[in-house]
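Next up: just one chain, as structure tokens, the form predicted alone.
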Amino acid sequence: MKEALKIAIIGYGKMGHEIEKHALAAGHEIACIVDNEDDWNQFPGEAQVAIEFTTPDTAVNNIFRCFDASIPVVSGTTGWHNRLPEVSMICLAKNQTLLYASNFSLGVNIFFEINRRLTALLAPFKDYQPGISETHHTQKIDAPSGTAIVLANEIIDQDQRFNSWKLKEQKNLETEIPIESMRLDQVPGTHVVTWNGPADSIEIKHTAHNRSGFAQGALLAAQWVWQKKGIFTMKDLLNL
């Protein structure tokens, strides 16, 4: 195992509890837990790195607080990436550290790579139309999921027919990739990319069985990033 770390957990919901469980099992120490405004009084304590899973409305301020405390931060919150240019500029200006991802599951990040490869193979064949569906637990606030948006943007980057994604009821198949979002009880996360053609369909799918893969990936990210400076994603960690 790599060196044990003193970790600050920001956000103590289901993911925060899962990260705590896996961190302790791996020999790490929980330096502090931040779950409300008063808890910031103890931050960062002796923390060497922070792992942040909160809400889209609070994530950016949480990240900035880590920058101000000179604590590297691993953020798994989605729904705030429209502010990434601002966050990146401040991170670099303050010589701080951020590793962000829409999904920390190692399987999902391999799924991203398969999606990029499949898109490249199908891009010359214009009869195939892509679509994405994602299903999550009912407590997930943002829709579509950050993972679904990454999948759509990867298709847009490699297939010049498409310039945007839309929720399914708003789709324009000529230029937009439809995303269907569903919320069901007790579903950690399922993502499906389907390419429909006149003669057949091609489908790739990732299903999370539980939250442990997300927590283990976030801990792996924390170990990888804590002595680095700059802005990183799981692609950097996995060298994809």
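The model shown is predicted, which means the values in this text are computed figures rather than measured ones. Just count from 1 along the sequence shown to find any residue number.
One more form of this protein should be noted, the form predicted together with a small molecule, which is absent from this view; the next part is about it.
Residue-level contacts in the predicted bound form: of D35, E203, E29, D68, one residue has a heavy atom within 4.5 Å of the small molecule, and it is D35. The candidate spot formed by S133, W165 and D236 lies out of contact with the small molecule in the predicted bound form, as no residue has a heavy atom within 4.5 Å of it. With the small molecule omitted here, the record of contacts in the predicted bound form names 135-143 of 89-97, 151-159, 135-143, 110-118, defined by a heavy atom within 4.5 Å. None of the heavy atoms of G230 is located within 4.5 Å of the small molecule in the predicted bound form.
Although the partner is absent here, S102 is a contact residue: one of its heavy atoms lies within 4.5 angstroms of the small molecule in the predicted bound form. Interface residue remark: P72 is not counted as part of the site for the small molecule in the predicted bound form, having no heavy atom within 4.5 Å. Using a 4.5 angstroms threshold between heavy atoms, T175 stays clear of the small molecule in the predicted bound form.
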